[in-house]
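Just one chain follows, in the form predicted alone, and it is written as structure tokens.
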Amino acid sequence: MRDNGALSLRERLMLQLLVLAAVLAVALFVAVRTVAGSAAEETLDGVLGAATIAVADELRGGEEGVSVDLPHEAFSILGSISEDRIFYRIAVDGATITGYDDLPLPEAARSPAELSTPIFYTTQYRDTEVRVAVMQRVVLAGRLSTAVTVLVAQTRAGQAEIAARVANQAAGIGLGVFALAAVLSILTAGSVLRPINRLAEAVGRRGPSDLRSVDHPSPAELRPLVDALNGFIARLRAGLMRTETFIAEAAHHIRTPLATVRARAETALRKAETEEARETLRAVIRAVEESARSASQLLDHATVVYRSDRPERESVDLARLVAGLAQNFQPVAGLKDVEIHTEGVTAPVEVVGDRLLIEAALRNMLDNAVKYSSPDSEIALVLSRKGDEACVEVADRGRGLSGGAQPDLTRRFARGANVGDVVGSGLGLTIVEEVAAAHGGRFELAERKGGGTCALFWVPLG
């Protein structure tokens, strides 16, 4: 039984694949987001640096100092990319000559060589974050070389907008990858588990008597399971063979000594001189008879239970079998002056089944009929065909069912209320019903009109 808290192999495999897909989707989102953000920043830095260079190229020196003609097209390019605000500052020796004089310079000092090309940094300016490009140019002013610092800054709203757009696209790609991975996970789980399902179906299609080794094509990973299953089948087959051998030997070793004891007790009874000795020997004979019958039926029932799971399938001539049983029981019936009349046994009636089981069922039916019949009565043993079934009917003039229901009488070790003085084990009818069920037939009990019992054993025709 499956534990409610446990997951099946399919569920575990799908869960692991989905978790892996989710991790990959998140990693893809982060990677795309990071790369796209870096690419956007580099692109905007390139434009910002170009604008800074354009401004620096317009620096002019003269006798009166440094002058600059701001290139409005450079600022137009920055404005065309986004609606960010733009700030600039041009300073000579730290003094602003134009622009926003509070635009912060880099915190760390830079060498003239480093500032020959634009360098970039991010800082807070006027309650917002700006990206700043800074560079220096040396201008000859008043016959002196003067270092001029050019700063151009731009707010980062455009970059944030680009990053958000890229993030949404990355999220869509991640979700698409996860959805595709989920579908592939379902298909993969089914494909991986398909060999196991096929192996289970191949084993499940076997009948209860099919104890051959499993030789179903399977992946290398399933070979240990197949080998273990074949080992179990081999041990089961050997155990069943030992059980069958034990039952046969037990039947022989139990019945033979009991028959010897009964024979000697009967001989002693004939030679006994006192009534007390004869009464004792009669009790011994009755006990031996009861033990022999109980042992015989217990062994018969064990055989039926064992073989019912894997009955032999052979052609059985019911007419010949019924006639042979009637002949075998004739001496026992004759001791009670009971006659057995057979009908329908002249022509073969073929069925497919286990001869040993069918014989055990019919023998118990006939044994009950003889055992419970009244002296100087008759037993009708009739074999007939009805549709696609064969029916063996055993009708006696005995004590009847005394109102007992069939389910109660066919239960193991159950006996009728009116047969307490007759030796019996309560297994005969159980054996008959189990044999009928093993062959796809049925067993019926009914009161016989005029007194007695009518037992019918049905089995499909071959």
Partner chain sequence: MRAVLGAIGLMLALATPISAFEIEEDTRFPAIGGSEHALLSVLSTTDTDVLRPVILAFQARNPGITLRYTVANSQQVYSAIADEGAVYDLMISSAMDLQMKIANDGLARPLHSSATDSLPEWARWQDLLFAFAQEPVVLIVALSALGGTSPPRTRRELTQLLRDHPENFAGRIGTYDPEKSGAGYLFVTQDARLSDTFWRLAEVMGGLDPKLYDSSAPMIADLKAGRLVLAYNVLGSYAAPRIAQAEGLAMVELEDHTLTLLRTALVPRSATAPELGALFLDFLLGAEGRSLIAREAGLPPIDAAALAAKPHLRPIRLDAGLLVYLDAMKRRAFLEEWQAALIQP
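Residue numbers count along the first chain shown, from 1. Keep in mind that what you see is a predicted model, and the values were worked out from it rather than measured.
Just so it is clear, the following notes concern the form predicted in complex with the partner chain, a form of the same protein that is not shown.
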Scan V47, V35, L70, A27 and let me know which has any heavy atom within 4.5 Å of the partner chain in the predicted complex.
L70
Please identify the residue among F329, Y372, F120, F75 with any heavy atom within 4.5 Å of the partner chain in the predicted complex.
F75
Exactly one listed stretch (124-132, 191-199, 216-224, 231-239) reaches within 4.5 angstroms of the partner chain in the predicted complex by non-hydrogen atoms, and it is 124-132
Is it the case that G99, even though its partner is missing from this view, gets within 4.5 Å of the partner chain in the predicted complex, heavy atoms only?
yes
Evaluate F178 for contact with the partner chain in the predicted complex, applying a 4.5 angstroms cut-off between non-hydrogen atoms, and reply yes or no.
no
Taking heavy atoms and a 4.5 Å cut-off, does I86 contact the partner chain in the predicted complex?
yes
Considering non-hydrogen atoms and a 4.5 Å limit, does the partner chain approach A54 in the predicted complex?
no
